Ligand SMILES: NC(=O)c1ccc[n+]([C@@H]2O[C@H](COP(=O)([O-])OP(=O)(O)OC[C@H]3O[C@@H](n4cnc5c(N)ncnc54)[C@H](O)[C@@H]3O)[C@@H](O)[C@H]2O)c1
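First, one chain by itself: the form predicted alone, in C-alpha cells.
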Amino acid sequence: MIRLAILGAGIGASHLAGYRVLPNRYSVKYLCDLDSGRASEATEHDPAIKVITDLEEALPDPEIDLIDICLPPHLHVPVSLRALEAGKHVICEKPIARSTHEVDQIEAALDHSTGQLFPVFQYRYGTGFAQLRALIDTGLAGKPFAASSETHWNRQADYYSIPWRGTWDGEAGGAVLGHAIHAHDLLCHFLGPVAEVSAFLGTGVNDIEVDDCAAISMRMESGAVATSSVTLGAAVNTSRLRFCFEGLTAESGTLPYAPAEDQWTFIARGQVRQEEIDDILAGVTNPLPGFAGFLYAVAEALDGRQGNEVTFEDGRRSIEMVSAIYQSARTGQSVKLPIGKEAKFRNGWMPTSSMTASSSTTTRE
C-alpha cells in the first residue's frame, strides 16, 4: 500500500478519482490546498482523507511514501526538491520544470534521494494506444514515416480569470507548455525522440502574455517527420492524432482530453493484410485509462515491475522539446536536440523585458 498526500485540489481532484480506482494499491492520507473548501468538496466521500492547508504537515510525516504535486507550474520544482530531500517518491504534473537547468537540479536531487519522480502524462493510457503499441511491438506497423497532431481547444477569458494563468511568471508558458505538451509526448512515445524542431508561435486568441497558437515541425531520430497544430481559438475542444507507418495508418477520434479512449481506426498498408491487424487488435484487452492507468503503472514501478510507467527521462525530453520550440520561435532557426549543457535557452525560455510576449497577430515569438 502506497500512502500519499495530494497537493492541490484542482487537477488533484482528477488524480484522486484515479486513486479511488486502485484502493488496494494506494491510500490517500492528505489533500492539501489553500482553499480548504475546495479540498473538502473533493473529499466529501472520503472521510479518511484529512484536508490540510500547509504542506509542512505532510512532508515530515513518516507514514507518507509519495507526494503528488498538482500545484501551479512555478511551484513544481521547489516542492519536488523538498519532497525528494525528505525521501519521498514524487508524482509531478506537467511541466516538471521550467528549464533544462531545473531538470538537472531534479536529477541531482534524485541521485541523493531514495525517492523516484514520475511526470504526469496520463494520455498514454487507454485502449487506443494499447492497440497501437501492440501493432508496433509485433512488427506489423513497421517503419514510421510521418505523423500529425491537432490540439484545437477553446479557451476564453473566463479560463484566464485565475491570476497565474496566461502569465510567464505563473504558467511559465502557453499552449505549447500547458496544452499541447501531452500530444507532443505521444508523438515521441510512438515515434521515438525528436532530433530537430522548427516552430512558429503566436498570441492571437486572448489578451495574455503567453502563446495560444502554434505550428511546429519535427524530425525524429527514427527518420520520421511530424507536425503539430495548436490553437486555443477553436469553436469546440478536439484532439486528433494520425500515424503513418510502413504497414498501417492509425488515426484517433477527436476526444480532446482522452484520445486513447476514443475509437481508433487501423488500416493496413503495403504487404500487411487487414486480417493480421484485426487479429492483433482482438487480443488487446481494455487497460485502465487515463489517470488510473498512469497510477497503476507507477504502483507497478514502485513494486519493482518497471516497463509501462512514465519516467523521469520522459519528463526531461519533454522539457527539452519545449525549450527547443521556444528557441526556434524566437530565433527563426531550427533547433537540434537533445539540448546540451551550453544551449542558449538552458536557463529557461522566459522572455526578457525587451521581448514582446504577446501579439495580436500570429508571428514568430
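Just count from 1 along the sequence shown to find any residue number. Source: prediction; values computed, not measured.
FYI, the form predicted in complex with this ligand isn't displayed, but the following is about it.
Screening His182, Arg269, Arg82, His152 for any heavy atom within 4.5 Å of this ligand in the predicted complex leaves a single hit, His182.
Think of it this way: in the predicted complex, this ligand has a heavy atom of just one of Glu300, Glu63, Asp35, Glu313 within 4.5 Å, and the residue is Asp35. Residues of just one listed stretch (116-124, 246-254, 102-110, 207-215) have heavy atoms within 4.5 Å of this ligand in the predicted complex: 116-124. Here the marked residues Leu22, Ile49 and Phe294 all miss this ligand in the predicted complex; none has a heavy atom within 4.5 angstroms. At a distance threshold of 4.5 angstroms between non-hydrogen atoms, Ala17 is out of contact with this ligand in the predicted complex. At the 4.5 Å threshold, heavy atoms of His189 stay clear of this ligand in the predicted complex, well away from it. For the chain shown alone, Leu59 is not a contact residue for this ligand in the predicted complex, no non-hydrogen atom being within 4.5 angstroms. The closest non-hydrogen atom of Pro95 lies within 4.5 Å of this ligand in the predicted complex. Of the residues in 163-187, those that come within 4.5 Å of this ligand in the predicted complex through at least one heavy atom are, in sequence order, Trp164, Arg165, His182.
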